[in-house]
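What follows is a single chain, given as structure tokens, in the form predicted on its own.
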Amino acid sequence: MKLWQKEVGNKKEVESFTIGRDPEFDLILAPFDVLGSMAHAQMLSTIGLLTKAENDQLQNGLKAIYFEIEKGQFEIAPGVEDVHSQVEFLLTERFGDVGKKLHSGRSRNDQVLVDLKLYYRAAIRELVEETSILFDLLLKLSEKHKGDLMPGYTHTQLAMPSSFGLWFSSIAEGLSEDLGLLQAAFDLSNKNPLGSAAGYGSSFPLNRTMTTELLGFADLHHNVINAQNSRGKTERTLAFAMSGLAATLNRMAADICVFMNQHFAFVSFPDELTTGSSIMPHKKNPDVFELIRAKTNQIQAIPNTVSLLLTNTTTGYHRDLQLLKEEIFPGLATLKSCLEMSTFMLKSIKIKENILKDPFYKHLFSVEVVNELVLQGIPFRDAYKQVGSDIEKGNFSPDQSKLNHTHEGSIGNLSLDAIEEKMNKAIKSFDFEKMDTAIKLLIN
């Protein structure tokens, strides 16, 4: 039985097709559905739709369900349509008709929306935390290996000297910039849609500012149509933010797969962190990084899928939007696991020393020699030709231990303090404290 059902139910084929993967995603949304209901009930009691006693009863009942969810004791019973129905049925079963009053002044549309917003806020927080942990490790590795030189490439050809310190900190700073996109997604997730009902408001005198404060939202979607239209817009923005982080991890993973190749042998990992071959005893495969590379490519495809799902949807709710969860929810879980595994693996990375002392890499120092000649007063074009001629004639023999890079962000001046400050500023832009305080007050 469904809350909205009248006398005639759906054909089982229709029901199976339309439900899709919602049951598994509803369990993820369950704690957030309860929190939204707690705030809604408190608000209803201030406008006369619930008595104080009824509100107290609902608050106690909802808290009990919340803790059942936390303990893994909550499930959606067979025949119950979704998490919203399950919570309402439990309240009605346990407390009688007061459970039926909870839905006054809202629709499943804004109920789902507030669940999603609360879930996205929490998921974004987890991504920020995991990104911060990886960032800290990368900075430590950068400082530790700032003197370990490696080849730099352009067009996948040997180009100029680089260092592992420079490489590690490039990923770190990239992550700090990726949080800018995530901040935009958080801002959209941190706006309250509750009270927009089916997208056209309610004739009840709802206090939407109150529920905004109770749930710790930074603001509300003031226009009720815009609140409904934020479903899809929020996911699209979040998808692009996820893609940004994924792209940074993807490049790191791709680099490491190359660096582990025996022709390079720049980095290695303990045997227990690599995999072998069924017939080649010597193999140490970078399976973890290959999977990070593949999974982050899947994540980078999500924005396109989300954009196509939203194409041709007019103002208001459409069932098409249900499918957004099938992209965003697994994508968030996958991205978090990629961040976690990147940190786990990099804790054990081993760097090869003295790579650039090999004469094979002597041409990397051509620009260094050109610049030395320029500093001696030779015009740049003449210095370039002179070094080029020496290379062609086989007379090029640079000092492969001498580098003089001192400007900000170069091999000799990694600007790690500035990069760390950039990350700290990015993290501070997320107002997680307000969110936490509000939720704690609701529960306690």
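All values reported here derive from a predicted model rather than from experimental measurement. For every residue, the number given is its place in the sequence shown, counted from 1.
Although not depicted, the form predicted in complex with ligand ARG is the subject of the following passage.
Think of it this way: in the predicted bound form, ligand ARG has a heavy atom of just one of 207, 322, 132, 371 within 4.5 Å, and the residue is 322. Taking 109, 243, 170, 250 one by one, only a single residue has any non-hydrogen atom within 4.5 Å of ligand ARG in the predicted bound form, and it is 109. Note that among 142 to 150, 109 to 117, 301 to 309, 187 to 195, the stretch whose heavy atoms approach ligand ARG to within 4.5 Å in the predicted bound form is 109 to 117. Proximity of residue 221 to ligand ARG in the predicted bound form: non-hydrogen atoms within 4.5 Å are absent; the residue sits far from the partner. For the chain shown alone, residue 259 is not a contact residue for ligand ARG in the predicted bound form, no non-hydrogen atom being within 4.5 angstroms.
Looking at residue 295, you'd find every heavy atom of it more than 4.5 angstroms from ligand ARG in the predicted bound form. For residue 84, a non-hydrogen atom is located within 4.5 Å of ligand ARG in the predicted bound form, even though that partner is not displayed.
Residue 231 is the sole member of 215 to 233 found to place a heavy atom within 4.5 Å of ligand ARG in the predicted bound form.
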